[in-house]
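Starting off, we have a lone chain in the form predicted on its own, written out as structure tokens.
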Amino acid sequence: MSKKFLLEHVNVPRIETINVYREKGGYAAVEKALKTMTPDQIIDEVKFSDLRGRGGAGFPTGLKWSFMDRKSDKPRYLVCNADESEPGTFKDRYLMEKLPHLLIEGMIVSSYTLGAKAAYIYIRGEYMYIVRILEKAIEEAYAAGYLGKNILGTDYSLDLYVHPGAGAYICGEETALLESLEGKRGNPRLKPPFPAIAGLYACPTVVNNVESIASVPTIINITADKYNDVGIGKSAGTKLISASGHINKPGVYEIELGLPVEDFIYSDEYCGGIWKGRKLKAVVAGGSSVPILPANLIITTAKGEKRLMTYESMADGGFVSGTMLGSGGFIVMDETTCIVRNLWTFARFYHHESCGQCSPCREGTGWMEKVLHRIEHGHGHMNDIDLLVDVAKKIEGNTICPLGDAAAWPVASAIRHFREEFEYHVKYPEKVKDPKHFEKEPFEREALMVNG
């Protein structure tokens, strides 16, 4: 069994209540941090732990905290990004539903470290039942003296608020989130200035993901050295993975970083193999915005090494033969999956969710959706395939926020690895008009298929 830092007590009855949470050691990190550690000591501890942002980018958390402008006479803020809008990702929802006090404890320690007197959990609007869970837990924390004025008799005070958004993918981007939190339309901001200098209400602000913040109490309790002992190199600690698709055991799993991808897919401890005994065709490893990989490249790298569940191993090969660990939205596809139809679904999503602020994204996502619709429904032309690649290139790197990249990367990678399937759609339009065409007649690509 792998090490559990976040989900160790997830199945304890009534762990969502403060009394049971405290019985299992909850809020010990608040006691230790506020009474025995300085903010600088905590920042150093988080730096040495090698904790990286668990929302997708994987940026070192302690380094991000150190960018906070402490010389400013303006208020400082901590904002938790609980928007979780990436398709295929649902681990933050699970964490907040089952262990709300773990997130609250992380918010308190992190806010103390940053010198924030007010903190916000910005949560997507579809998670309204989670809002009620969090608000009840926050009430319990206030009543127990962990929030409010002079926490645990110290001179530190903190108010914590839950703010539901309106369910926009773009508000997962930190500056669009801040715009929405201020009551404005969720359009991304030009950077610089970065939020650490001018964030919420133009004040110094740190925005961290739910899982990142929930990992902080563990680091404080067990020390950075012991946290760092788990994982490999700069991919330290554990990571929550949202596993879905054609697997026998979909769900949220906490893995030790460094676990081989093949073990994650086929072992009984995790996904339990491909459903109905079918062949593995492809995997989207980090949510819909990362490059898709065929079975052979998700199991082993282009160098012939085992692909590992780490930031570095997933990226091995760049975007030619690699991908990204991202937010851990691990979507598995079997041999009956139509890559073109899957990509068209992604393209529809990104076209719908584009804020429209940047022309390449606003226009390009629409064109990609139209062209993919044409190919998938039997009306495509061979030059449409290269047209898609060209549009993706014109979007990538030319937008204010990463949504443009998120829309372009899946298109470019799908055509790179599955071009013959796109050509099949053009050559045999009558076959592909049936939305379940590959369930009846799987598209055979033996060299790229893997049986567990």
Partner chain sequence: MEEVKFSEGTLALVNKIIRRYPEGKQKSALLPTLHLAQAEFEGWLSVPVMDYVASLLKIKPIEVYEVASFYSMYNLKPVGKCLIEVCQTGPCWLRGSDDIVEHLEKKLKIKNGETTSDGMFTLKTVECLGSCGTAPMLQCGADYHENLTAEKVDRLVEKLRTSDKRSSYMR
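A quick note: this is a predicted structure, and the numbers were derived from the prediction, not measured. Positions refer to the first chain, counted from 1.
Omitted from view is the form predicted in complex with its partner chain, to which the following refers.
Although the partner is absent from this view, residue 165 contacts its partner chain in the model of the complex, with a non-hydrogen atom inside 4.5 angstroms. In the model of the complex, its partner chain sits beyond 4.5 Å of every heavy atom of residue 279. Interface residue remark: residue 320 is not counted as part of the site for its partner chain in the model of the complex, having no heavy atom within 4.5 Å. For residue 142, no non-hydrogen atom is located within 4.5 Å of its partner chain in the model of the complex, even though that partner is not displayed.
For the options 238, 337, 175, 301, the one in contact with its partner chain in the model of the complex, meaning a heavy atom within 4.5 Å, is 337.
For the options 231, 294, 245, 195, the one in contact with its partner chain in the model of the complex, meaning a heavy atom within 4.5 Å, is 245. Screening 117 to 125, 150 to 158, 320 to 328, 219 to 227 for residues having heavy atoms within 4.5 Å of its partner chain in the model of the complex returns a single hit, 117 to 125. The three marked residues, 90, 181 and 349, each reach its partner chain in the model of the complex, with a heavy atom inside 4.5 Å.
Interface residues of 188 to 219, taken as those with a heavy atom within 4.5 Å of its partner chain in the model of the complex (partner not displayed), are limited to 201.
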